[in-house]
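One chain comes next, on its own, written as structure tokens: the form predicted alone.
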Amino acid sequence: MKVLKKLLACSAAAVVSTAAVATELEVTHWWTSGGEAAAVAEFAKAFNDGGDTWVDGAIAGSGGVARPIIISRIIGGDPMGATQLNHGRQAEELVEAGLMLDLTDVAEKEGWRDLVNPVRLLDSCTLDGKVYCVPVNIHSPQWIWLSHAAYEKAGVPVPSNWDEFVASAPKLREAGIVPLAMGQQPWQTQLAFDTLMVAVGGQDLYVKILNGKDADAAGSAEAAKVFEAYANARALSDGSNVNDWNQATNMVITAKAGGQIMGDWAQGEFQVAKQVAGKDYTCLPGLGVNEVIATGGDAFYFPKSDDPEITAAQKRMASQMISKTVQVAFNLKKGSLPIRGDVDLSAANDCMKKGLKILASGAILPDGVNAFSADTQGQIQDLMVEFWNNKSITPEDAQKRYVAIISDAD
């Protein structure tokens, strides 16, 4: 009996001890669509299963809406426990101001540099040799998503590249289908332009402008073709009266639109709708012209805290997010590629397999999110939105204004 009492006492003590280290962390992010919510739930599950508590701080809208709120809270002294951002220059000033937690000890202990593929994703989390974020996925914007039902209704084959997509537009219109679904969020219009730059202008043009800030390249004949293609895309989107990107994706899912230029995160929406890649929809990386992917993505940063328990919980979360099990669970639902090259993705669908094949081939590009300062990025985005919504602006005029922006880019 005495032995039993001792065992019960030890068991109670263990429960108290576990509860004492359990910590609540508010996590801010902008993943609110169906597919995104299903994916982020995998992060929350892992954190909660570890004995801590994930307090969801989802911010409706896009990153453009969420980032100012996130940054304002951190600067204003009301930080969250963890926050989604795109790794790279978006958090640069916060890191330089000493407001973000240094994760170098976790990264070195777990060998992140040997795990993250491509390693440039970890480099984007690194400043002055220290790691300040955990990359969680590889996202590429260079895709077009095509509805099989829409093309069956129009009586034409599903396109295999951008030129065939443009050529199919009249038949789609005759069938009452909008050729190109496009939401009105500013980042969507810029994403379409950058995607067309890679497909129509070519990889060299993309790299010269984004990495080299080459104004001559921006004013070249190759770039002029991109602006012409962008004007065609603008015309093809007439009738796409939606705002959010996932609403545009839903137009493709419901065959109200033939296709959508959107990143690989669109896969999550198709999965939630129970649609099957290759059967219900087709995905074309590089618009079927240049099969490459840009290796950008999302990362989580952790605002610095004076509370050692919070700091410990933040590091636990970072470790979980990059673990094999969580990487697979999260990315299968998100539609993105894992940042680890040593995980089992036998359950990947056809579109994810295409991305994995391109990644393995080395046909990858740097992501545009790290190319320009927030000011330059804003100028480019404003131009693309104005051009997209004002058909009196010619491709030639838009290109001239673009050249001026690139000339002063930082």
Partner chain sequence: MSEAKRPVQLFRNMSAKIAAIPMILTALVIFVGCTIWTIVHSFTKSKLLPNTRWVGFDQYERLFSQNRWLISIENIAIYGICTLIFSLVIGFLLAAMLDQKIRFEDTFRTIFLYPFALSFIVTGLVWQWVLNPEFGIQSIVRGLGWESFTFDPLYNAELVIYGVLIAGLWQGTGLIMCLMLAGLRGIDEDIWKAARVDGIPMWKTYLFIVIPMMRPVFITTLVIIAAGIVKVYDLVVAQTNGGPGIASEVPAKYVYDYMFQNQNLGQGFAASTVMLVTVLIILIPWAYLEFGGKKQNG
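On a predicted model such as this, the values are computed, not experimentally measured, just so you know. Numbering follows the first chain given and starts at 1.
The form predicted in complex with the partner chain exists for this protein as well; it is not shown, and the discussion that follows is about that form.
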Exercise. With the partner absent here, would Glu26, Gly50 and Ser323 each sit within 4.5 Å of the partner chain in the predicted bound form, counting heavy atoms only?
Worked result: no
Exercise. Which one, 90-98, 135-143, 121-129, 265-273, holds residues whose non-hydrogen atoms are within 4.5 Å of the partner chain in the predicted bound form?
Worked result: 90-98
Exercise. Using heavy atoms and a 4.5 Å limit, would one call Ala374 a contact residue for the partner chain in the predicted bound form?
Worked result: yes
Exercise. Is Lys400 close enough to the partner chain in the predicted bound form to count, meaning some heavy atom within 4.5 Å?
Worked result: no
Problem set entry | 4.5 Å heavy atom contact, Ala41 to the partner chain in the predicted bound form | no
Exercise. Do Gly341 and the partner chain share at least one heavy atom pair within 4.5 Å in the predicted bound form?
Worked result: no
Seminar exercise, completed: Checked Val55, Leu345, Ala363, Val385 for heavy atoms within 4.5 Å of the partner chain in the predicted bound form; positive is Val385
Problem set entry | Sequence-ordered residues of 217-256 touching the partner chain in the predicted bound form, heavy atom within 4.5 Å | Asn241
